[in-house]
Ligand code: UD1
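Taking the form predicted alone, here's one chain by itself in structure tokens.
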Amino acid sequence: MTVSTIILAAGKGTRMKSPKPKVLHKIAGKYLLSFSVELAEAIESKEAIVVIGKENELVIREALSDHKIKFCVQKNQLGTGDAVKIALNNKKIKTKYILVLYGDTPFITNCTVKRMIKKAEKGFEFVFLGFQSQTKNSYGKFQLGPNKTLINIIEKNEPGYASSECLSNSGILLARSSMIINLIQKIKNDNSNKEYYLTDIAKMAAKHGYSSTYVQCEEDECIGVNSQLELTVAEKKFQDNFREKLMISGVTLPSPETCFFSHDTVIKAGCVIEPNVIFGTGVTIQSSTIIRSYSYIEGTQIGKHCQIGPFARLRPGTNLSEKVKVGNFVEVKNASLAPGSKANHLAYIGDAKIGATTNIGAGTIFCNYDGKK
């Protein structure tokens, strides 16, 4: 099956109360928007189209310059239906299906999208993603028909809005391209906000005789980020899941809740990460290495049987071979240390190459700044 992905990222994000675009806030060192872009890549979308707002166009384009994606600009925020219509009108999509994702919903999984694709392959023309909420919320509710068909999505304050027993709408949608292209042009804005809602597609599809169904996932997979508080909740979810995976793989974390990891942190089995250690992006640690408390590590490659910290700072460009010791209050930046070398305490090593079994004494400072460069 061929799929094109449209990612909606044009919202102003006023609830974030931040000068930075909402979708460029980070979870574990990764842009919110990048989670959806990478999901599109993971399901092998033929193309990924990101709909962005005019005021954030340049900064978002630059932030995602490493990805092969297309952009459309929604000049006025007139709703999700309008955003999808802009993408469809500006890009000639030739794939059989279109997947609609959101730039502020980072935890939708590859497995869930594949389940939606399987439903579509059985003949359904629209597949919506829903979840059973454990608390009251303002999400739209699924109105179901016979045989797990979906006939409408009822928004809060609309007649017939269902109780918490009904599935909530995540907003994620997989649709047959020819049919959504047809229906999206017919969405109206006859509501109090004068916006075009993508959820109206469900009722319109039923009216035109198209078959719609749903896939259900866990509620926390559909977490959306609209405020600083929700960003913290999402960060906690990521960290909890990441710590669990590390421990299952054979990494020892005596106090896991005090350690924080980036999305690309790689730590091999047999390592011990003591309390209060923070990992920035770009860190790989080979087996049987100990990272002692209160160390901060980013952009660093660490070999086997090393001992780091406590209170060590490893900055980008650091490359430590096996059996290297970097002790308390030692900072290393853009330097390589050969096997068996050590700097046990109170030293700064910058822009240097340290040979095997070298001992850097206390108080040693590498003068890597010439006053100009």
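Bear in mind that the values here come from a model prediction, so they are computed numbers and not experimental data. Throughout, we count residues from 1 along the sequence that is shown.
The protein also exists as the form predicted together with this ligand; that form is not presented, and the subsequent description refers to it.
Although this ligand is omitted here, in the predicted bound form all of Ala83, Thr105 and Ser170 have a heavy atom within 4.5 Å of it. The chain is drawn here without this ligand; in the predicted bound form, the stretch among 261-269, 293-301, 70-78, 235-243 whose residues come within 4.5 Å of it by any heavy atom is 70-78. Put simply, Gly140 is close to this ligand in the predicted bound form: some heavy atom of it is within 4.5 Å. Not displayed here, this ligand is approached by Tyr197 to within 4.5 Å at the level of heavy atoms in the predicted bound form. Shown alone here, Lys353 lies farther than 4.5 Å from this ligand in the predicted bound form, counting heavy atoms only. This ligand is not shown here, but in the predicted bound form it comes within 4.5 Å of a heavy atom of Arg15. Checked against this ligand in the predicted bound form, the residues Glu274, Glu219, Glu125, Glu155 give one hit for a heavy atom within 4.5 Å, which is Glu155. This chain appears without its partner; in the predicted bound form, the one residue of Gln132, Asn226, Thr149, Thr109 with a heavy atom within 4.5 Å of this ligand is Asn226.
Taking this ligand as positioned in the predicted bound form, the residues of 7-22 that bring a heavy atom within 4.5 Å of it are, in sequence order, Leu8, Ala9, Ala10, Gly11, Arg15, Lys22.
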